[in-house]
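Alright, two takes on the same chain below, each alone as structure tokens: structure 1 and structure 2.
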Structure 1
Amino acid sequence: MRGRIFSVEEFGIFDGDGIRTTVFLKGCPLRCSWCHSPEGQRCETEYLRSPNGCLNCGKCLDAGETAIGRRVLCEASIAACPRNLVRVCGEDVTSEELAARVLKNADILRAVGGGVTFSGGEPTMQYDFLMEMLEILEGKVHRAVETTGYIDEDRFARLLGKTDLVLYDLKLMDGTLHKKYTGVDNAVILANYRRMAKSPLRFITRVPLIPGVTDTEENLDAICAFLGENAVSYVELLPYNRLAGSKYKLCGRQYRPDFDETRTVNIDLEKFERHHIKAVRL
């Protein structure tokens, strides 16, 4: 089976236990306002042009295609760029090829207690491919899946039986706000979380701290209460990084966050402590 990835990164150190090789699967059902990997959102293959060193010579577009009345980059643009600045984002690989790629460093990963993490985008968008990958890698290397939790409940239940670790994002507890900032409702996310918490599988909860959005007192209180209900005592916090917008230019898009990104992030470790939850800032 073939899947579409947009990056394989070695030396993932904040993506689970030990050193991880992180596979980024393309496509995501969410459109988080703060997303720092916009190139992973669309399912389609895209061509990216690095603005650093660009001569604005136009050769890439001359070699490009016309789509909806305007010139866009295509495969031929890569060779056309004299600076080698155009690259493809979205590579179609077979599960065997991808397995060989991540396993080429399996000896290091095993030696240091690391493994492979599937991230995205939202990796479960390519559900069958993901499940096949997890199956191929079973027993060969430690497997983790990083997810938004926005996935059909039955499918999620089956996924839990196929991986060694889940990294699960909790963003906003209020459904309306969740819809506003990510584009989707959170009911299924919370339901899947409850199911996972009851299962014997190891998981790590991660909360992105977005100024004025997810780091508010109300939201953090609600998250603490929710973690408490699910008997969870460990959480990883990911404070907003001002570099989040840097990749939008690559995709020919503009970064327009609908929150004030200059505000200081509220990293309230004590709040979690009061709820007997150990919070670690990544």
Structure 2
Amino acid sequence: MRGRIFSVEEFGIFDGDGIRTTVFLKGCPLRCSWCHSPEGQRCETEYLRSPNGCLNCGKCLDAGETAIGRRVLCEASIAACPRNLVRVCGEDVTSEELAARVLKNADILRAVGGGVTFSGGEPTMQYDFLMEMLEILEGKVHRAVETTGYIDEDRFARLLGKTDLVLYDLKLMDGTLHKKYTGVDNAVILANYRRMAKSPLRFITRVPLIPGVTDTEENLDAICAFLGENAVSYVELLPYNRLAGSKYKLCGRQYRPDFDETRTVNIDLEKFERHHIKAVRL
């Protein structure tokens, strides 16, 4: 089976236990206002152009017009750029090829209590490929999946039986606000979380701290209540990436967050403690 990835990062320490290899799969059904991986949103292969050092000579676009009849970046643009600022984003690999890349460091990863984490984008967008990868790696290396939880409930139930750890994002509890800031409703996300919480599988809840959006008193109170209902006593708080906008230029897009990103995020950790939840800021 073939899948499409946009990055493989080795020796990471923030994507699960120990030191890990993180595989980023292309494609995501959400469009979070604060997304710091816009190159992972679209399923198709893209061509990125760094604005740093660009001469604005237009040769990359000229190559696109010659090759495919449109003034856009394409494969021919890579060789046409005089400063080598154009690159492809989206590598097609077979499950065997990707497994070999992951397992080359398997001894090291096992020795330090680490493993492999599948992230994105949203890795379940390539569900069949993800499941095949998890099956191939079973018993060879610890496996984790980082997910938004926005996936068909039956598919998610099968996924729970194929991985060793789930890193699960909880963003907004209010369905209307969730759709406003991510583009999708959160009903299936909450339903999948409840199913996961009842399963024997180990999981880690993660909350991104977005100024004025997810860090409000109302949202954090609702998250604490939801965690309590599901007997969850640990949560990781992810900082807002203030450099997120820089990647959009690579994709030829503009970063237009509909919130005040300059606002300071102030989190009362005692709020979580009052709900008997240990909150850790990463």
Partner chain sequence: MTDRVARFLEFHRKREYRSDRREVTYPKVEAGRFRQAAADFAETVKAERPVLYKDDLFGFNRSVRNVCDYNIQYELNNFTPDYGWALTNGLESVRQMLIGRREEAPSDRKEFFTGAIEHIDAVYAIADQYREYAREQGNEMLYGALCVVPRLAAADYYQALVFMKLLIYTMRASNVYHVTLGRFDQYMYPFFERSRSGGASREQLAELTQLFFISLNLDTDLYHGVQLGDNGQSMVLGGRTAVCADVYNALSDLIMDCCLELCLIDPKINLRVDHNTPRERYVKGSEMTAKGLGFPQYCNDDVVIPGLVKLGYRYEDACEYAVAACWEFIIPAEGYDIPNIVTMNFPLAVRRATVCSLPQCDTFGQFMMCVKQSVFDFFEQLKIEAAGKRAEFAKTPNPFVSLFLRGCRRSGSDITELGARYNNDGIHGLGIAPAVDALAAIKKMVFDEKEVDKVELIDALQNNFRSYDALRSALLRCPKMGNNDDETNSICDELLNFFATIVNNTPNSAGGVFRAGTGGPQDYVYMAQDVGATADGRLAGQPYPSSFSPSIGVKTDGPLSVIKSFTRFDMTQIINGGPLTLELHSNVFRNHIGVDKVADLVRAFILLKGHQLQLNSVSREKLLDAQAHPEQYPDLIVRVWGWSGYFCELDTAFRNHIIARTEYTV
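Residue positions are counted from 1 along structure 1's sequence. We call the rigid core the largest set of C-alpha positions that still match within 1.5 Å between the two forms. All of these numbers come straight from a predicted model, not from anything done at the bench.
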Correct structure when looking for the form predicted in complex with its partner chain: 1
Aligned on the rigid core, do the two forms place the Cα of Arg83 2 Å or more apart, comparing between the two structures? yes
Does superposing the core leave Gly58 with a CA shift of 2 Å or more between the two structures? yes
